[in-house]
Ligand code: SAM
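Only one chain is given next, in structure tokens, and it is the form predicted alone.
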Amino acid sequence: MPQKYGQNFLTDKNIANNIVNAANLTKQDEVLEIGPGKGILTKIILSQSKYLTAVEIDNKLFHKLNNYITLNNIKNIKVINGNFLKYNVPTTKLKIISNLPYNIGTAIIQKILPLENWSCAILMLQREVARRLSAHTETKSYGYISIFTSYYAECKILFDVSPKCFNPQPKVVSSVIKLINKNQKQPEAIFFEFIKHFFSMRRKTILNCLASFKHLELEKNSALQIINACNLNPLLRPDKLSTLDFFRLTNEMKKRIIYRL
């Protein structure tokens, strides 16, 4: 039976240890766990860290974990019953560890990445999503979320996890990734909107993508001038452009164009 919130609970203790060990925890570390579920990662994190904040949306699982904490007189944890997407993350320096729900994994990552106070994140999610997060130019998986991720963090796939390691078993293979915060300043909002627009037209040329961007007063000839100023081929497709290429395009637009925001 599918779980209410799309959970697939990890049952393999070796995999659980490998996930937590990848965070290189010390007794000085404060950890955020998103969706502790039945607590297989939680118990390992508690033994290796200074303090753990766990956010659990499922009311029954929240009470079970709280009962375990009370019975065992555990002091270095706070469990919050709530939706992480609506949760105000503490401003203290954190490491993040989670077996992310497949259905909202990308949304959670997009919330985490811009935060300034996390140092590394060890996350398990669907392998296909992990490949998109870590993808490079000129690959099928490369797209908006690849650039969003690479702007904020270094992303590496550590290992895959078989469906047999979960209950219930998912229909897909999972992957564990490690994100290292680059501590980047927030770009202008237009930057990511610009990239999202390009990849919504990924089979079009970058000339057509630029000329059709809704926030610009732009004719195709003006778009061509911007692209030429960046030393880019106007016939390229969006998946050929790196994060730096998109920055160059954005900066060149700012020199010439007034946005219609």
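No experiment lies behind these values; they were computed from the predicted model shown. Just count from 1 along the sequence shown to find any residue number.
One more form of this protein should be noted, the form predicted in complex with this ligand, which is absent from this view; the next part is about it.
Visitor: Using a 4.5 angstroms cut-off on non-hydrogen atoms, would Asn83 count as touching this ligand in the predicted bound form?
Guide: Asn83: yes, in contact with this ligand in the predicted bound form.
Visitor: Do Asp29 and this ligand come within 4.5 Å of each other in the predicted bound form, heavy atoms counted?
Guide: Judged by the heavy-atom cut-off of 4.5 Å, Asp29 is well away from this ligand in the predicted bound form.
Visitor: Do Leu65 and this ligand come within 4.5 Å of each other in the predicted bound form, heavy atoms counted?
Guide: Leu65: no contact with this ligand in the predicted bound form.
Visitor: Can you tell me if Ile104 lies within 4.5 angstroms of this ligand in the predicted bound form, counting non-hydrogen atoms only?
Guide: Yes, Ile104 is a contact residue.
Visitor: Which of these residues, Leu100, Ala121, Ala130, Ile109, gets a heavy atom within 4.5 Å of this ligand in the predicted bound form?
Guide: Of Leu100, Ala121, Ala130, Ile109, the residue with a heavy atom within 4.5 Å of this ligand in the predicted bound form is Leu100.
Visitor: Looking at Ile40, Leu46, Ile69, Ala211, which is the one with a non-hydrogen atom within 4.5 Å of this ligand in the predicted bound form?
Guide: So the residue touching this ligand in the predicted bound form, by this definition, is Ile40.
Visitor: What I'd like checked is whether Leu207, Asp239 and Thr250 together line this ligand in the predicted bound form, meaning each has a non-hydrogen atom within 4.5 Å of it.
Guide: Per the other structure, none of Leu207, Asp239 and Thr250 touch this ligand.
Visitor: Going by heavy atoms within 4.5 Å, which of 138-146, 187-195, 154-162, 83-91 lines up against this ligand in the predicted bound form?
Guide: Result for this chain: 83-91.
Visitor: Can you name the residues of 55-80 that have a heavy atom within 4.5 Å of this ligand in the predicted bound form?
Guide: Heavy-atom contacts to this ligand in the predicted bound form: Val55, Glu56, Ile57, Asp58, Leu61.
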